[in-house]
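First, one chain by itself: the form predicted alone, in structure tokens.
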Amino acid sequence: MSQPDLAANSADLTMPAVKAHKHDCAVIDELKMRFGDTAFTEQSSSDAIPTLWVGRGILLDVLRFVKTGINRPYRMLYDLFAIDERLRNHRDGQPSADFTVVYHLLSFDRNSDLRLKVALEGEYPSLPSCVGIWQSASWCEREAWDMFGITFEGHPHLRRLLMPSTWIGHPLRKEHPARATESGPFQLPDEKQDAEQEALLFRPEDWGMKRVSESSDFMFLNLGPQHPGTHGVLRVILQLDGEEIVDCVPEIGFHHRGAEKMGERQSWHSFIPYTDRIDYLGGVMNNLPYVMAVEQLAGIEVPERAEVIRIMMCELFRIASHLVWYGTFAQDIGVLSPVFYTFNDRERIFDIVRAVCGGRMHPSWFRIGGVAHDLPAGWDKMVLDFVQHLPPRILEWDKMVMRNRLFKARTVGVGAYTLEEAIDWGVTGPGLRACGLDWDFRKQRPYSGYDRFDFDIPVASNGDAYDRGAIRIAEMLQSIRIIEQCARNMPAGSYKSDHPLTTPPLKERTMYDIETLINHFLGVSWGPVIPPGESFYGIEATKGNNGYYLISDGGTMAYRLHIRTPSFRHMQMLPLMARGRTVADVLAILGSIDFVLADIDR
């Protein structure tokens, strides 16, 4: 993979504002032609994604058709999640339902999405599983059962995913308590403690595994949840035949904090700090898809200056996140020095972030309609000094790590997967581009003004641990180009929209008339009242595509908030990447994925 031209770092940012991405609505006619006009009910949404309600009886036929039977198919199951509809007031034109299961599909050929919904009736409804169509559906369906109690018939391992196996109830149902104060006092009698310890035991038979083969006994080894190579509280149970991994089971949920449940009791504004804690290395990049989904619901247009400020800060955090990955990945392989260098340069980024935002790792600085405040005096010198400092450092580390023959021996050909496998498992971001697909949402679906910038998309071909690393290193150099263009061509104007639903609202006239004072007080204390609707927005985040699906019921907080995180999909692929390798290879594979446990567990 060739290195980019570091001298190409200026561009004119006076191009017209970005228009919303247009999805291919012709798929609706194609589906009706195949299954009949009465098979579907159309629904409009704020994000303009073609949305169809489909009957339970033909669901799998429709899913198979859009994946393999249709022209320019929807090959990726981008997301699958559920909604508890029982307390929702605004469902105009939608079929009656107690629960809804949503299938969000992505077509690379059309550069378009398709949303299919299934209406379910009853206290504990069921649906046929689509694991036989998409491998990535396994964890999504387990999560929907775990959180809502929806059964997926034919699923091979329908059991708890994020909650402990001893948990009672389904947390995202509306009747489940949202606060500790709504529950009784915590008690841990001896019999409960014994039951909890018993539940932690791994039983291979539950996962279709055998304890013995014709020639030997298998060993089952716990890697984690307290192991430095797992980068957090992740448990991986390895089935070993000597040194060779026969199979493995990733166990997640130790970091689950109920972020989506919190979204149902926080105002649209006060939930912003919670987004920082999802991919906790991504900083304000976590804010961006959330606030853009709210802006899409409310019809808020963001000023050009605010868009460029957002892009600059996001790209700084992309580099900061990649620096953590680079140093720890090298350390996992046995190259110990780079982690000190990369963390030192990450501190330089945090100096800029603190000067601009007032915070470091979790500044929570983006706002609905713009950013919290304008750039401070002297920001441009700090940024330009940094973009001159970092590229030579990256090239120096390249000699130390990526060209190191021992590092290559540990990563080249390790944990490889094909492009077809990546799409089937829902891989996005560097892991997808490492397989040869030139797909980056900043280019394919420019948002927040990315089409005004000159940058390239690094692509590799082998889909192994080495190429996943090479992609991220090249991405840092491209982020430097974008940041420099922001610094040299920052537009004038406002840092915040003047739309009445922005938060906090503008306060120029709060001391002049009581109406403005009241509106400002309510906007700050309660947050805006967002019109009823549904909206999804996804961005090219540090680890892949990160998106927020929001439902407003016409109130001051989300009726349903769903977070589509990349790490959740990528970790599910670990057994595919690990089979036939050694225990040492697992650490190289985990490091190359670049995951964050909070991004998996939410």
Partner chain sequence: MALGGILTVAANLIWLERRLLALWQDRYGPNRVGPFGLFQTIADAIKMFLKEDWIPPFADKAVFVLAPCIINATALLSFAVIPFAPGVQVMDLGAGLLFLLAMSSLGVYSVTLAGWASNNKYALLGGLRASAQMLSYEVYMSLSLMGVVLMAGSLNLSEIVKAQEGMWFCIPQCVGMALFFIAGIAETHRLPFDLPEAEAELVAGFHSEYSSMKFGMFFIGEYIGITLISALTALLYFGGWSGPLFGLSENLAPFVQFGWFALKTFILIGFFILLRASMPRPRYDQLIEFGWKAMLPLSLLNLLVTGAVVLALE
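Just so it is clear, the structure is predicted and the values come from calculations on it, not from any experiment. Residue numbers count along the first chain shown, from 1.
A second form of this protein, the form predicted together with its partner chain, is not displayed here; the remarks below concern that form.
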Find out whether any non-hydrogen atom of Gly334 is located within 4.5 angstroms of its partner chain in the predicted complex, and reply yes or no.
yes
Does the 4.5 Å heavy atom contact test between Asn222 and its partner chain in the predicted complex come out positive?
yes
Report whether the minimum heavy atom distance between Ala584 and its partner chain in the predicted complex is within 4.5 Å.
yes
Please determine whether Glu243 contacts its partner chain in the predicted complex, using a 4.5 Å cut-off between heavy atoms.
yes
Of 338-346, 480-488, 140-148, 383-391, which is the one stretch near its partner chain in the predicted complex, taking non-hydrogen atoms within 4.5 angstroms as near?
338-346
Taking its partner chain in the predicted complex as the reference, which of Pro273, Gly229, Gly436, Pro303 has a non-hydrogen atom within 4.5 Å?
Gly229
Pick from Leu200, Ala355, Ala409, Leu517: which residue has any heavy atom within 4.5 angstroms of its partner chain in the predicted complex?
Ala409
